[in-house]
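Have a look below at one chain only, the form predicted on its own, in structure tokens format.
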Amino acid sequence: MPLPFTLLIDPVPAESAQIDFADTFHEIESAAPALRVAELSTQRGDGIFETLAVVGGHPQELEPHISRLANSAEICELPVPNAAQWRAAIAYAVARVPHDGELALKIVLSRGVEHGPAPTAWLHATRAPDHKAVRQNGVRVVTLDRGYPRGVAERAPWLLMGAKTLSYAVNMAALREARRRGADDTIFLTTDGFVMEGPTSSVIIRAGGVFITPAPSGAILHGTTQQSVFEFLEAEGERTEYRDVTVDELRRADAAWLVSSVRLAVSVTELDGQPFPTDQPLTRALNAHLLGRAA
């Protein structure tokens, strides 16, 4: 099956079992009309998503992605996804797309049309961008104020900061601002100077021989790739920590990475216009591990 590959999904209740999930899948031409004008995912960004890497026919971090989709649904008060149906949809798609190279597979759950009877869902697979150069050469990063103090997500849960929603306008604006400043990517900071995450990535630093990532919270997604990196590091005998990280600690770190499902691990080579130390041998080892994972 050529790419892109699109699969519409009729969501079934989480408790549904012993049904043929294939009957709920509908393959369509990716250029064909698929969503109604009143669809709230496009009108208001009212939906959630996950993006999985598929490497050599193997979907990466399958269960963490499905678990995070369910967590996002709970935060956004969407119907609980049927995990078995999503596993079946991903397997259905992976069986029908090319098994060479790297693919990006996005799964989406939307509230549906306004006043509609049910949510809508779909899966879309494309060839992943070629990230070999950026994995090798790293990225120049600027820090940007996210506009919130630490702890705002717990005080104002209606901001949905712990959910991976389709409302990505701010994230894309931050990347455009980074490019205006002569950089490639961004690390968000709280207004009181704590590191959060990138617009599409988790942040890991190495300081004093310890690998540290900002503690997952209502405002910081628990990165699936970051978890895989920590598992690899711990297996190698390295120390890892989840805790608050200040911007001053970030600036003093002896290395830092942005990690995400499709781009994988990239070194920060410049921070706010200043050269930043890197560890490219470790970066290569991280990416070799991430590319070698099975489903």
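A quick note: this is a predicted structure, and the numbers were derived from the prediction, not measured. Numbering starts at 1 and follows the sequence shown.
Just so it is clear, the following notes concern the form predicted together with a small molecule, a form of the same protein that is not shown.
Partner proximity in the predicted bound form, defined as non-hydrogen atoms within 4.5 angstroms of the small molecule, places exactly one of 123-131, 221-229, 110-118, 78-86 at the interface: 221-229. The closest non-hydrogen atom of residue 168 lies within 4.5 Å of the small molecule in the predicted bound form. By the criterion of a heavy atom within 4.5 Å, residue 197 is counted among the residues contacting the small molecule in the predicted bound form. The small molecule is not drawn, but in the predicted bound form it has no heavy atom within 4.5 Å of residue 54. Using a 4.5 angstroms limit between non-hydrogen atoms, residue 261 touches the small molecule in the predicted bound form. A heavy atom within 4.5 Å of the small molecule in the predicted bound form is found for exactly one of 181, 164, 106, 206: 164. Only one of 190, 213, 201, 72 lies close to the small molecule in the predicted bound form, with a heavy atom inside 4.5 Å, and it is 201.
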